[in-house]
Ligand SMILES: C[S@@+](CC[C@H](N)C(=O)[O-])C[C@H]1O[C@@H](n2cnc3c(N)ncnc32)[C@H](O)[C@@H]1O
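Take a look at this single chain, the form predicted alone, given in C-alpha cells.
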Amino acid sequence: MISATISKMTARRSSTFYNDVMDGLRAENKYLPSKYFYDETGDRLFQQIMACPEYYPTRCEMDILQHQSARMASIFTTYSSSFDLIELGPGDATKSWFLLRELQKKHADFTYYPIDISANVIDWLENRLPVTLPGIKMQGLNGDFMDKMQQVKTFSSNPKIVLFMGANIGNMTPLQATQFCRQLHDNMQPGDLLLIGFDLKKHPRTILDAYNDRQGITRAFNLNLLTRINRELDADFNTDLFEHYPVYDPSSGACKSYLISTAKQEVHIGDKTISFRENEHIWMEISQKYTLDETDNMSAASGFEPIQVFHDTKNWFADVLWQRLP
C-alpha cells in the first residue's frame, strides 16, 4: 500500500513536470520554470554558485545573519513566547543556522519547519541540523510552499514567523512577487511576521558578473535543466547546441538568464517535437533587484507593514521584516 502511494505521488510529480515543460517550450516566447533547476545535480551546482567569488548575494546575507541574528531573535521572542518558524526554500540552512542557534540560546519555544521543493534538501536538513543544533524541534516538509504552509496550520495554532530569504523573491517578476506575498498574507494570521531577503539595485556590472561566473558554474546550472528533462522526460536535448546568455536592465532591475539555440534544430520529448530556430532563446530565470522604496510598495500592496530592515555592511542586500495586517 505504501509503495503504491509513493508510485502515485511520483507519477503526479512527473506529469506536472512534463506539462510545465511542454507549456513553456510551446509558448511563443519559450521559457522553462526555474523551480525545476533543483534536482540532486542542480542542488550541488547551486551550492557551488553560492561559493563563487562573483556571487555576492550569499555573502551579503550571511553578513546579516552572522552579525544580526541576536537582534532578530530578540524581536521574535518579544513577539511571542512560542511560535512556529517556517522557512521557505531553506537550501542548506547555512545562513538561517545562525538565527536558529540564537533562538536556542534564548531558550525560545519554537518548532522549525523548513519547506522545499527538493526532497534532497529536506533529507539533508533533517539529518544534519539535529547534529549541529542539538535539541532542535523540527519537521521538514517537501512540496509546494502554500500547500505545506496549510499543513503546518494543522500541526499547531501557534503564531507563525515565515522566512523567505536568499533573494528567492527575486526569482519572480515584481507582479508575480506581489501576488506571491498576497498568497503568504492569506496563509498567515494578523500579527504574524515575514522576513524576506531582497537583493538591492547596485552597479550593473556587479550584478551581471554574479550570474555569469568565470568558472561557468551558472552556465552548467542552467544547462542541467535540459539534462534533467532528457533523463526524466525521455528527451534528446543536445546541450552543446545551447549557449548561456545573461542580461541585466538597471532601469527595471531585472537580471534574466537565457539559453540560446546556436543552430536550427528539433528536440524530441517523448513522442512530441519542439522546433528551434537558430538564435532562438529559452527564458530560464529572473533575478529581480529592488530599491527599499519598491519593497515598501510591495509590502503595502500585499497586506503587510514593514517594521525593520537588516542591512549588510555594503548596503547591497536587505532582509526586511514585515508584519501581517488584518
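All residue numbers are counted from 1 along the displayed sequence. This structure is a prediction, so every number in the text was calculated from the model and none was measured.
Only in words, not in the display: the form predicted together with the ligand, which the text now covers.
Novice: On the criterion of a non-hydrogen atom at 4.5 angstroms or closer, are Glu61, Ser118 and Phe145 all touching the ligand in the model of the complex?
Specialist: All three within 4.5 Å in the model of the complex.
Novice: What is the one choice in Gly253, Gly89, Pro174, Pro246 with a heavy atom within 4.5 Å of the ligand in the model of the complex?
Specialist: None of the others qualify; the residue that does is Gly89.
Novice: Pick from Gln104, Thr111, Asn158, Asn168: which has a non-hydrogen atom within 4.5 Å of the ligand in the model of the complex?
Specialist: By the 4.5 Å criterion, the partner-contacting residue is Asn168.
Novice: Counting only non-hydrogen atoms, choose the one of 73 to 81, 158 to 166, 184 to 192, 130 to 138 that falls within 4.5 Å of the ligand in the model of the complex.
Specialist: Of the options given, it is 158 to 166.
Novice: Using 4.5 Å between non-hydrogen atoms, is Tyr38 touching the ligand in the model of the complex?
Specialist: Tyr38 belongs to the contact set for the ligand.
Novice: Closest heavy atom of Ile286 to the ligand in the model of the complex, within 4.5 Å or not?
Specialist: So Ile286 does not count as contacting the ligand.
Novice: Although the ligand is absent from this view, report whether Ile269 comes within 4.5 Å of it in the model of the complex, heavy atoms only.
Specialist: Flag for Ile269 set to no.
Novice: Is Phe276 close to the ligand in the model of the complex, meaning a heavy atom pair under 4.5 Å apart or at it?
Specialist: It does not: once the ligand is placed as it appears in the model of the complex, Phe276 has no heavy atom within 4.5 Å of it.
Novice: Hey, which residues along 45 to 71 are within 4.5 angstroms of the ligand in the model of the complex, non-hydrogen atoms only?
Specialist: If the 4.5 Å heavy-atom criterion is applied to the ligand in the model of the complex, 45 to 71 yields Phe46, Met50, Glu61.
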